[in-house]
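Only one chain is included here, represented as structure tokens and corresponding to the form predicted alone.
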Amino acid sequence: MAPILLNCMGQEPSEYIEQEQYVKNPHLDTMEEDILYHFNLSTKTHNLPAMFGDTKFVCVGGSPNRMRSFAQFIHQELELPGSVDNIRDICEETDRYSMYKVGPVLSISHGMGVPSISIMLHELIKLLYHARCRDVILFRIGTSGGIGLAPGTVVITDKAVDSFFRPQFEQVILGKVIIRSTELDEEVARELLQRSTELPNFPTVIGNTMCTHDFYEGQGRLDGALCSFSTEEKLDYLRKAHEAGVRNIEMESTVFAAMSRVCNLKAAVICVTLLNRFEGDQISTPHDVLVEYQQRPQCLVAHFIKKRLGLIA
């Protein structure tokens, strides 16, 4: 069966119609209650516009602890009143995701891999819709393996590509293969790159990011429980990826880019590289250095937000 290529609205070209911002599901309007199960939120039990209506920036990342740290960090950067120790996990009654709201910023964990972030994104986008948010920018901040880059380099994603280096995300829906574009917002990416030049000792590039469905074999690692290829085959694949413009590898960017694009949300992916995959597969960098590397995407996004809010010249 041939795959179906959808336009940026998530519909086949012949069926294109203008729809309301963010959600692309007519069934939602017929529901008396929408339960955001994995957030432990509901349109009946929570006043979502009051809780989230002023949200302008959403930052998502894999680790709950990292996103709590980011919430505390952005609280300090925005010089908001109150103690960072009092920032509450809105999803504390569920163990799936963590969510923190700090002024106009939401900080949410998404777990590892496409399935986990996909579930979170469905409920996040519905949350923004029910809360009547407008002009929101989404950021995925995280870590990655670099291809031809020194550890510590921040990669702002141009296009999220699959394991064949194609800028698309494939999903099987009702037995049909649906293909969606994974291009991200060029304006936001350029502005992030400009903001990076204003930070000291902050190596940053724009490049394609490859999203895989596995950390080991899918990324060409030689150190997993299974390995069916040689060192030379691995390096040949990484060279081809580099020639295709790929500068880092992670496991969430394609669905993040595709869903953001379908739902008219400006979005960016900013990941720091923890190693150069041409030089090895395991991370041997000292812990304190890794901690500093992991803070770099947070620092860049915080700087971007402060600029957008007019808090710095």
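Residue numbers here begin at 1 and follow the sequence given. Just so you know, these numbers come straight off a predicted model, no measurement behind them.
One more form of this protein should be noted, the form predicted together with ligand URA, which is absent from this view; the next part is about it.
- The stretch that touches ligand URA in the predicted bound form, counting heavy atoms within 4.5 Å, is 142-150, out of 231-239, 82-90, 170-178, 142-150.
- Using a 4.5 Å cutoff between non-hydrogen atoms, residue 263 does not count as a contact of ligand URA in the predicted bound form.
- A residue is said to contact a partner when one of its heavy atoms sits within 4.5 Å of a partner heavy atom; residue 283 meets this definition for ligand URA in the predicted bound form.
- Within this chain, residue 75 is remote from the site of ligand URA in the predicted bound form, having no heavy atom within 4.5 Å.
- Proximity of residue 215 to ligand URA in the predicted bound form falls within the 4.5 Å heavy atom cutoff.
- Contact annotation: of the candidates 126, 195, 221, 101, the single residue with a non-hydrogen atom within 4.5 angstroms of ligand URA in the predicted bound form is 221.
- Taking 58, 67, 270, 249 one by one, only a single residue has any non-hydrogen atom within 4.5 Å of ligand URA in the predicted bound form, and it is 249.
- In the predicted bound form, ligand URA lies within 4.5 angstroms of at least one heavy atom of each of the following residues of 272-288: 274, 275, 277, 283, in sequence order.
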